[in-house]
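Before any questions on binding or motion, here is one chain by itself as structure tokens, the form predicted on its own.
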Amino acid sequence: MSTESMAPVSNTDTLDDLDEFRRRAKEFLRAEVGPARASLTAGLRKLGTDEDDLREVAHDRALQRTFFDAGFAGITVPVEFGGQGLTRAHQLVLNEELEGYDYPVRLQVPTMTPCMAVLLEFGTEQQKLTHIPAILRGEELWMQFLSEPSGGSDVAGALMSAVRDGDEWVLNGSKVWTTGAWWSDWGLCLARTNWDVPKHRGLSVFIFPIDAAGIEIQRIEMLNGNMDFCQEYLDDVRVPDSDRVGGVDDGWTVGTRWMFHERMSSNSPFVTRPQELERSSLDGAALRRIARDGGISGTDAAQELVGEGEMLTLVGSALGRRVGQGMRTGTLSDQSAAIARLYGGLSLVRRNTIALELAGSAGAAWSDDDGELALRGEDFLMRQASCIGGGTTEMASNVIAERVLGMPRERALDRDVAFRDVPRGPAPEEN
């Protein structure tokens, strides 16, 4: 399925004129949406207490409902599932006009994409009718149950077991690095349903409420105190077969598109967020403010670092647009999303390093009076997260080499071997 087909259009005769749509968007944002919150660019920083986090989640749900009631939710989602049935161009117009305004950040990734995007492509009609309107109204926050404690980036090596029992499946195992599972509603989960075939052929995808019986959530504290990441333990969790997404043992077909939508999150037609959010998070202007507050903005060394940071953000913006356009027009394969993902991860690592170099000693210790210098040390220590979250940059490099450039595939000892017979650590429990 092409990138363009991710954004269905109901009927071109009913499309809003883009100028009129822009006028309506401006009017809506001015009248009903407040200015951007500081937390919108906080990333993985710890800003408050758990109660503060829950208030932010409630705020996002209410704000999503405001967008929905005004006709600005699900811009490219078909009308029959509660969306507006418009085009990617309309979504881009809304994202451009969002600059400087608040928006429901926690409803975007991974709820709108990859989770809702996967439901739109592979869900049954009933699954779509049940969940997609609820997502667009802000009533359901979704998380992806994908990574596993022993799996690293080898998603196809999932050990989460799903065994059929009549009209139900019984799931056992553990998932990890699930951002925000403790305050979310539904999970999209990849599980192994067949141990007697090679690893890619024995997987299936399920959906279930995160508060279902048998699910225990443990939060993981990171070095900066943030506890949004979670590990989940599933103990005989029963899921009706009607909540299976895609065919039995055909989960890799779903999973491949799932990871595509994840890599495409910054260019997804389902995501509502300011167009230049990534650029403004740590661009040349932000780096100039750090140099200013550190009292070194006039030095040649600082100007070189600021220039390098601005170059990296400009290239990232241009690359994202080029890759997105190439996939929409078919001149680049869908796998080319890995190019932007690889660059984005490496670029943010370097920009956080530049920020620390500009901050100087304030990178090690800072006070509330240090302005833009504060927290640069924490951001530096957390910098590698941009190369891990959402699929590692190493995996993106493999995708680029093998599926974009056509280079020989990496040697794999488990190819064409029944997954039950693949050597691993602790043996899986018998099913």
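Sequential numbering from 1, following the sequence displayed. Remember, predicted model here, so these are calculated numbers, not experimental data.
The discussion below concerns the form predicted in complex with a small molecule, not included here.
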- Heavy atom to heavy atom, is Asp416 within 4.5 Å of the small molecule in the predicted complex? no
- Contact between Gly363 and the small molecule in the predicted complex at 4.5 Å, heavy atoms? no
- Task: Report yes if any heavy atom of Ala70 sits within 4.5 Å of a heavy atom of the small molecule in the predicted complex; otherwise report no.
- Result: no
- Message: Asn226 versus the small molecule, in the predicted complex: is there a non-hydrogen atom within 4.5 Å?
- Response: no
- Query: Which single stretch, out of 90 to 98, 174 to 182, 319 to 327, 201 to 209, brings residue heavy atoms within 4.5 Å of the small molecule in the predicted complex?
  - Reply: 174 to 182
- Query: Given that the small molecule is left out here, which of Gln275, Gln127, Ser153, Gln231 has a heavy atom within 4.5 Å of it in the predicted complex?
  - Reply: Ser153
- Query: Of Val57, Ala401, Ala385, Val33, which residue is found within 4.5 angstroms of the small molecule in the predicted complex when only non-hydrogen atoms are counted?
  - Reply: Ala385
